[in-house]
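One chain follows as C-alpha cells, the form predicted on its own.
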C-alpha cells in the first residue's frame, strides 16, 4: 500500500473518486450514470490537450505551450468551414485540422529556436496571431459540423462516450511512446539535463521540435472533436483549456521541473477537475465559492502527491 501511495498519479484518482462519491451521496444515487458519462465526456478534451502539454513540460523548466486555446479554435473553425456540413468531406476536415496543428507547432518552435524567444513568450505571442486568424476566418459565424461527426462525438459505445474512447486510444499511444519508444526516452533525458542529453548524442533540437508539433497537433484534434461535440466552432471554445492543460499535468504527477511524465495521472486529474465543478454546482455554490474550493482542493491534492513517504 505504501508503494502505491508513493505514486503521484494515485492521488488524483483518489481525489476524483472522493468527489464523485460526495456528489452521488447528495443526489441519492440518482445521477450516478449521468455524472459518470458526463465526467468521461468532458474530461476527454482535457486529457487530449493535457497529454500534449505533458510532453512539452517534460522537456524541462520554461517549456510550456500557451497557444493551445487558439490552436483549438483555429483548427475547429477551419475544419468545419472546409467540411461545410458535408459528410463526404469528413476526411478533408480532419486533414485540415491536423495541418493547422502541424503549422502552428512548426511556427512555435521557429520562434523559440530561430529567434531565441523563451517558450512561454513565443507561444503566447503565437496565440494572439492564431486567434486573430481564427477571428478573420470565422467572421463570427458558428459553423455546424457534418451530421455523421456530430452523432459520433455525442454518442457512446457500450455506455462509454466515443470521445472518451478516442482519448483512451491517444493515451495508450502516448504511454507506449514514453515508456517503450526512443523518442520518449529522449524527451525525459532532455528534461533531466539538456546538456548531458546533448553530449550523450540525443538530438535535442529535433526532439524539442517534434514535441511542440505534437502538442499543437493534439490541441488541434481536441478542437476538432470539441467543435463537433458542441455543434459548432466558437471563437472562445478553447479559452478554458489554457490553465486546464497545465493543471491536469501538475495534478497528474508529471514533474514540473521536467524529466518525468505521467500518462495515467492526466486521466485522474481531468476527471477530478470536472467532478469538483460538478459537485459544487450540485451544492448550489456561487462562482466565487467554486473557484475558492477548486483552488484549495487542487493545492491539497498536489501537496499530498508530493509528500515523501516515511522512512
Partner chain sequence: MEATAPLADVLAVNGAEKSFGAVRALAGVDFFVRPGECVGLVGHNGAGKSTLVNIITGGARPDAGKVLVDGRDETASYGIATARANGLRCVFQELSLCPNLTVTENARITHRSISGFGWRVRAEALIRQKLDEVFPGHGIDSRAMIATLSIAERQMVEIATAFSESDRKVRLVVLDEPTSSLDASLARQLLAYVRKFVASGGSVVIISHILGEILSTADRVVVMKDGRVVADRSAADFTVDSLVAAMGSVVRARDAALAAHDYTGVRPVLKRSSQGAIDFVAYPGEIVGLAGLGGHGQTDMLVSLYLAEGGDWISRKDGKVAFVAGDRHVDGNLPLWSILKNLTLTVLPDLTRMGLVHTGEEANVAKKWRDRIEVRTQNLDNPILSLSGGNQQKVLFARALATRAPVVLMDDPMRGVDIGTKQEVYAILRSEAAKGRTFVWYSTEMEEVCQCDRVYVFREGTIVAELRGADTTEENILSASFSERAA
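Positions refer to the first chain, counted from 1. Just so it is clear, the model here is predicted, and its values are computed rather than measured.
What comes next is about the form predicted in complex with its partner chain, which is not displayed.
- Of the candidates 148, 95, 199, 155, 199 is the one whose heavy atoms come within 4.5 Å of its partner chain in the model of the complex; the others do not.
- When you look in the model of the complex, the only residue of 169, 176, 91, 160 with a non-hydrogen atom within 4.5 Å of its partner chain is 176.
- Residue contact check for residue 258: one or more of its heavy atoms lie within 4.5 Å of its partner chain in the model of the complex.
- In the model of the complex, at least one heavy atom of residue 193 sits within 4.5 Å of a heavy atom of its partner chain.
- Taking the partner from the other structure, its partner chain in the model of the complex has a heavy atom within 4.5 Å of a heavy atom of residue 186.
- In the model of the complex, at least one heavy atom of residue 204 sits within 4.5 Å of a heavy atom of its partner chain.
- Checking 206-214, 220-228, 81-89, 160-168 against its partner chain in the model of the complex, the stretch whose residues place heavy atoms within 4.5 Å of it is 206-214.
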